[in-house]
Each structure stands twice: as C-alpha cells, then as structure tokens.
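Encoded as structure tokens, the following chain is the form predicted on its own, with no partner shown.
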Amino acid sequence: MKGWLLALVQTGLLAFGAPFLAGWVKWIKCRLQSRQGPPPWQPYRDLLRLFGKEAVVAETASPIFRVAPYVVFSVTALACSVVPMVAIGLPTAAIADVIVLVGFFALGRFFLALAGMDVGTPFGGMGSSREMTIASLAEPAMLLGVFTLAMTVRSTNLASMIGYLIEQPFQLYPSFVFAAMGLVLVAVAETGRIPVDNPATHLELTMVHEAMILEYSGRHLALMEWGAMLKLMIYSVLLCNLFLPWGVAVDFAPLSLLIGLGAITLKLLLLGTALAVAETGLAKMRLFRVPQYLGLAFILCLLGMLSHVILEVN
C-alpha cells in the first residue's frame, strides 16, 4: 500500500513539476539573451488562465478533435507513472518497461496527428505530416539507444536499469557514451525543441507541434500544452536517472526519498540550464535537414550497441 501511495505521489510530482521545468528553461534563455522574461512559474498562470476559458470548437470538427486533448494528456500522465523519478522499486515501475513507454508516446502522437488533420486546415495537416515524419525517424534511434542499455543490464525495465547502474562501481562505458549522445538528440526532436522545432514561434516554415494544436483553445489547449510539458519532463528525468543515477532512492526510508527528491531536482535544473544554453546558441534548422540530424542520432545509438558487443561483452 505504501508503494502505491509513493507511486501516486511521484506521478503527481512529475505532473506538477513539468510546467516549472518548461518555465525554468524559458527564464534562463531570457536571461542569457539579456531580457527579463517571465518568471519560471509563469506556465502555471498560463494553464490556469486557459482552464478558465471556454473551449471554442470549429463546426467541421469531429468527436476525435474533442477527445484528443484528453487522450493525449491521459496517456502522457500514464507514462509518468512508469518513469522512476525519486525512487526505484515502486509497483507501477514493475508493470511496464521502456517498450510500453514508447508505446504510450506513439499512442499520444497518433491522436495528436489525427486531431491536427481533423478540422481540415492546411496548417494542421502540415504539422501532422511533419510530426509523423520526425517520429518515424526518432523512434528507431530511441529504441536502439535504450536496447544498448538493456543489453548491459539484461532488462528493459527502467527501474531495473537504474538499480543495476547504482549498484555498479562508476565506469565509463563507451556504449553508454554513444547511447547518451544519441538519446539526447532524440529527446530534443521528440520534445519539439530547437534546432528541430521552435515552440515559441507560429511561423509556417518552422511550426511542427504548434501547427497541430493551432485550432485548440481553452481547456483543450491547456491539456495539449501541459501534455507537451510532461513529455519534456519525462525525457529529462530519463536522461538524468539513466546516465546519472546517483541519488535515486533504493528504499522507501524518508531520508532516502528526501535525498532522491533533492538529487533529481538539482539534476533537472542543471539539465534545463544546459538546454537553455544550447537553444540560445543554436538556430532552427531547415526541415529537410532533420532526417540528417536524426540519422546522426541513429548512428550514435548503433555505435553504442556495436561498442557493447565488440568491447564490453566478455
């Protein structure tokens, strides 16, 4: 019972902390660009404002358009429950592995693309087409990178991976270095960040995610925006805990949980700062360069797997 309660609290922390992480990245970017910018908690105000507004739906919209925001947010929130954030050994982590997590993301993306095409506007169809193109290139690279870790740990369960890495003495595996670089590139593409996408603009030439949700308003838009923040949070926690697992609680003692919470908070703030620095120094790439970008991610993950087979298998 205690484990299920902790799993529920951890899922709530992920959902509640996601807007702060998005606001933190935006605040750091503004500071780096010598602008005051909105405070890190501004996304909470935006979500509250959107939830308080009426949702306007186009006359040509089908029920899929109305249902999609709830499905996208629910699936992403369900994905949060299987990601070890503060502690491992929670019952929710034992019932799903990384393949199920990729399936959750694919299901949410499917409904997001359907909603983008549903109203029949050219921007929605354009965004859906771009999103599915990026996904078809990013998912193989992501699976290859995760399987590289799974071959070392001999498990696809995320909690088992983190627990194994915590118990082992620190060692710099070449396969982990390549997999980490490949998964970082995939995470940037999957979460719609610069240089693949730019969530701060509504220009035809640059829109991907924003083009699909352009027709949404009110609570529907709030759910879509919150779901995108949750996805950024999930990828950030995965990168932090898979490649820097120190601090993650291995038991449910109050001190261990407190250390785990402090460790993941510090790691997320540092990762958010690094993301802001990278986005400040990079420009949005042209769309036809995205396959080359994701091809590089695939090659890095493939090199990680080959490094494991050639150099690390006894």
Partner chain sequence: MPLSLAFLAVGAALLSGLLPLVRPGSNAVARRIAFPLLGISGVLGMVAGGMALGSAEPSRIVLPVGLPWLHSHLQLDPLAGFFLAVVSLVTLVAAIYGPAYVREYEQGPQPLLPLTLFTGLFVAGMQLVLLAADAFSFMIAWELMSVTSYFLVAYQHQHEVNRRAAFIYLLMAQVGGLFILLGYGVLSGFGHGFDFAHMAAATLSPGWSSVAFLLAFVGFGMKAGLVPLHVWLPQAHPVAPSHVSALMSGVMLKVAVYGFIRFSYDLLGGIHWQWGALVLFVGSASAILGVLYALMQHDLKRLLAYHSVENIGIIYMGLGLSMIFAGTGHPALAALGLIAALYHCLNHALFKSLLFFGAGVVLQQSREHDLEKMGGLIRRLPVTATCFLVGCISISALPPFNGFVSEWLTFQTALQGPVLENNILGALIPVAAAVLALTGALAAACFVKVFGICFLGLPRSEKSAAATETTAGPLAGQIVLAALCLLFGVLPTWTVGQLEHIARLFFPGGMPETTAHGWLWLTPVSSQVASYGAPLVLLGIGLAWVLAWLWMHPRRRRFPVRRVPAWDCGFGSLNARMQYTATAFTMPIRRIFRPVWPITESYRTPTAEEQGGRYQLKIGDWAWLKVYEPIGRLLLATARRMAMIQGGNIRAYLAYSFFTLIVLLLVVSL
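Residue numbers count along the first chain shown, from 1. Computed from a predicted structure; not experimentally measured.
Form predicted in complex with the partner chain: not shown, discussed below.
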S136: touches the partner chain in the predicted bound form, heavy atom cutoff 4.5 angstroms: yes
4.5 Å heavy atom contact, V196 and the partner chain in the predicted bound form: no
Given that the partner chain is not shown alongside this chain, does V100 nevertheless sit within 4.5 Å of it in the predicted bound form, heavy atom to heavy atom? yes
Would you please decide whether L223 lies within 4.5 angstroms of the partner chain in the predicted bound form, comparing each non-hydrogen atom pair? yes
Does each of Y70, S155 and L302 have at least one heavy atom within 4.5 Å of the partner chain in the predicted bound form? yes
In terms of non-hydrogen atoms within 4.5 angstroms, which of the given stretches 260 to 268, 284 to 292, 24 to 32, 247 to 255 touches the partner chain in the predicted bound form? 284 to 292
Contact assignment for the partner chain in the predicted bound form, among M229, A189, L114, L242, heavy atom within 4.5 Å: L114
Taking the partner chain as it sits in the predicted bound form, which residues of 49 to 78 have a non-hydrogen atom within 4.5 Å of it? Please list them. F51, G52, K53, E54, A55, V56, V57, A58, E59, T60, A61, S62, I64, R66, V67, Y70, V71, F73, S74, V75, A77, L78
